[in-house]
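First comes one chain, alone, set out as structure tokens in the form predicted on its own.
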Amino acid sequence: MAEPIISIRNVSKYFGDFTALEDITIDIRPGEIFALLGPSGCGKSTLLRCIAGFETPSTGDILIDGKDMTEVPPNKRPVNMVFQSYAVFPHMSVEQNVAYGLKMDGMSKSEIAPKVAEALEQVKLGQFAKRMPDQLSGGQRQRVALARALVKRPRVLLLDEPLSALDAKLRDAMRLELVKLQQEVGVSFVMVTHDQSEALAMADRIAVMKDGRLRQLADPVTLYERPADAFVADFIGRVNLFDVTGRAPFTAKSLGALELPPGAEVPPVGDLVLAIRPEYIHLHPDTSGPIPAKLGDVGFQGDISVVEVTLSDGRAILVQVEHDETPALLALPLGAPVSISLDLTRASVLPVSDA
């Protein structure tokens, strides 16, 4: 396996009495899209700024391409950063924006021109070189910021909430464009986001953070199917969590006694929850299933519907049904008796891990 392009080793960051990062260790591979994911205030942006050199770790080390970055200022690191606001200069044309960093480095006009042209072609903006930023869409301005970062040929591109300023439709389109661009240029992308769907769709691996700590580092499928704890399960996609008592067999609150399939992993100690995704619960539009419930709101979403059902103790949970199952549910009155069954082969018993 190739040596990591970035090694974050036991990094902590303190602001007075506040701990922004606590003992973070991560290796980021060459050529991958790596996402730092978590709620606001979890430390992901602070970690990105430490990589960029805008913050200095209180303890620990950051190596880029095998070199210690402790004493290296931001402008000397082999990285470039695209900020959430894009920071495109409004008084400069597209090509002037892209050329700015090279000009500041003292490069001659004859050297700058072909590099700018190549960078603009990479982001499909060659025909917009003479335009001003106010003549561009939000997505085009974002691509200008990307070209300005890429033109300096960084080993790593750092992206701080790169799609948050875009509307939903443009955001979906730009996700695909960013992935294609990364594959074309071969630069490692490290992106910060609080949007789990964005991370799942784009990243090769994701670091989930909370309160300055790393909770799980894995590829998107593993995070979704095998979360490390209740927080990760709840943060990544929709999930129903049930408090658990006892072990093998155990009782899940609102569901009663349940028996997991042979070989299911159950943590030996600590408080536990049963986690099951809405798509792994089958909703019966009658009372033929083993667990009685009452029908709540049916949220039609086109190819699927997300249905709220209420269990016998009043607990409301979410169930996902396919498009062709929706008409029968919509024909029922609110509160109609229904039932559910669980695919326990796709459920997980997880530690709460709130410490």
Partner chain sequence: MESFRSNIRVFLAFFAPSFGWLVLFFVAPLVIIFLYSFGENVSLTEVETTWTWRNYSRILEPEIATLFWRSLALSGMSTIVCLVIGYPIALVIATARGAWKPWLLLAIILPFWTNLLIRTYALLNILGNRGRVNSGLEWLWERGYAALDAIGLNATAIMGEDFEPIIFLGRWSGVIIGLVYVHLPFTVLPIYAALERLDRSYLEASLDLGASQWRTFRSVLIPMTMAGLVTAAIITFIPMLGSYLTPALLGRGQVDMIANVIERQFKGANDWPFGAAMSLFLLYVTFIILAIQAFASMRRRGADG
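Each form is matched to the other, and the largest set of C-alpha atoms that superpose within 1.5 Å is called the rigid core. Please read all numbers here as calculations on a predicted model, not as lab measurements. Positions refer to the first chain, counted from 1.
Keep in mind the form predicted in complex with its partner chain is missing from the figure; the text below concerns it.
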>> At 4.5 Å between heavy atoms, is P278 in contact with its partner chain in the predicted bound form?
In response: no
> Is there a non-hydrogen atom of H91 within 4.5 angstroms of a non-hydrogen atom of its partner chain in the predicted bound form?
Replying inline: yes
> Using heavy atoms and a 4.5 Å limit, would one call G101 a contact residue for its partner chain in the predicted bound form?
Replying inline: yes
>> in the predicted bound form, is there a heavy atom of its partner chain that lies within 4.5 Å of any heavy atom of A87, even though the partner is absent here?
In response: yes
> Want to guess which of 171-179, 267-275, 147-155, 223-231 is within 4.5 Å of its partner chain in the predicted bound form, heavy atoms only?
Replying inline: 147-155
> Out of N80, Q142, S188, T193, which one falls within 4.5 Å of its partner chain in the predicted bound form, going by heavy atoms?
Replying inline: N80
>> Just to confirm, with a 4.5 Å cut-off on non-hydrogen atoms, which of T251, S197, Q127, Q135 contacts its partner chain in the predicted bound form?
In response: Q135
>> Rigid core superposed, CA of D271 - does it shift 2 Å or more between this form and the one not shown?
In response: no
>> Checking M104 here: with the core superposed, does its CA move 2 Å or more between this form and the one not shown?
In response: yes
>> Q182: after superposing the rigid core, is there a C-alpha shift of 2 Å or more between this form and the one not shown?
In response: no
